[in-house]
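In structure tokens, one chain follows: the form predicted alone.
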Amino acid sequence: MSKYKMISQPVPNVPWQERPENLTGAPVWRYNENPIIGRNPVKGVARIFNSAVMPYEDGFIGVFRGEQTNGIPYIYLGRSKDAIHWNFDENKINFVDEEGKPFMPRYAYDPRLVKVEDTYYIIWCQDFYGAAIGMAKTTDFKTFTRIENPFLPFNRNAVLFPRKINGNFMLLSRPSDSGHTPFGDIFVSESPDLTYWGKHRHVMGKGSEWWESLKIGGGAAPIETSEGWLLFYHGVSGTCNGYVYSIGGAILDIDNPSIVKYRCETFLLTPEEWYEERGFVPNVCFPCATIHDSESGKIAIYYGAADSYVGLAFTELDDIIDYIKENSVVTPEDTEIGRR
């Protein structure tokens, strides 16, 4: 009998691998055939990483950060029967405006993919006179219509909640400069129509722990549970040899997600395997999506590895919530409504 409930559609074909017997630390384990996407996956694309996937029809679909061989990132569409082996469109996604005219960003990277009601939304980072958030919608994965940029620059790491809260869309983001940002807290904003955004609230800031001492940012779309919104996010530390990106976990209040109920003091996953430690940008585990089954409580976490690969990890709802709660450390800034 499950202790907690996941409030979402069942996904009986969620990708899965059983927990290894020798697992220590957080109840998160890697797929033993990682990385699931290697280098040069499609013509003209050197690397795919930091990408988002979800169930669609009788299989799975995803939006992928494709780093072209000319160094310019764009978003590519991919499909899979098992969410492990992927086939990619050779051409990048063509975005259009409301009139159907071409409306391409100069570049686009680190996409998230979230379904709200009957529409799928892609959110990414782009150039809008500085680092900014781009957004588009689709109902069929054939036509992709860009929505007005939600915020002014400078901002990154945006992800929608998978349902409206109190009648409004909710969006996590991380204000940021165009470089590697000396600041980095997660905020939440709301909108009645995806055009006008307001009621900006602080969610949580960087932590005192080494793995998130420099900055943090939203990751996968929050998972609705009976305990609150389960959030997998990234935390960054600075070392004498560069940055290290790890995966953390928190649980936000279900009705007011600016309130952090629990926040895990320890990382859930940190770079330890070769494909996380070695690559174009070494020492990166960057979560962007989950596929989760409400019937079994199984959760598959998709993450970018070393800006070169896509990795897959697993956890179970009861275990991960218990672990976050048992290792939770929150501050007054975490637990307030963030209005100040």
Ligand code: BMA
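Computed from a predicted structure; not experimentally measured. A residue's number is simply how far along the shown sequence it sits, counting from 1.
The same protein has a further form, the form predicted in complex with beta-D-mannopyranose (BMA), not shown here; the description that follows concerns it.
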query	finding
Pocket accessibility when beta-D-mannopyranose (BMA), as posed in the predicted complex, is superimposed onto this form, judged at 2.4 Å from backbone or C-beta	open
Heavy atom of each of 31, 82 and 303 within 4.5 Å of beta-D-mannopyranose (BMA) in the predicted complex	no
Touches beta-D-mannopyranose (BMA) in the predicted complex: residue 263 (any heavy atom, 4.5 Å)	no
Contact of residue 64 with beta-D-mannopyranose (BMA) in the predicted complex (heavy atom, 4.5 Å)	no
Distance check, residue 109 to beta-D-mannopyranose (BMA) in the predicted complex, heavy atom within 4.5 Å	yes
Non-hydrogen atom contact residue 51 with beta-D-mannopyranose (BMA) in the predicted complex at 4.5 angstroms	no
Candidate stretches 309 to 317, 38 to 46, 281 to 289, 23 to 31 - the one whose heavy atoms come within 4.5 Å of beta-D-mannopyranose (BMA) in the predicted complex	281 to 289
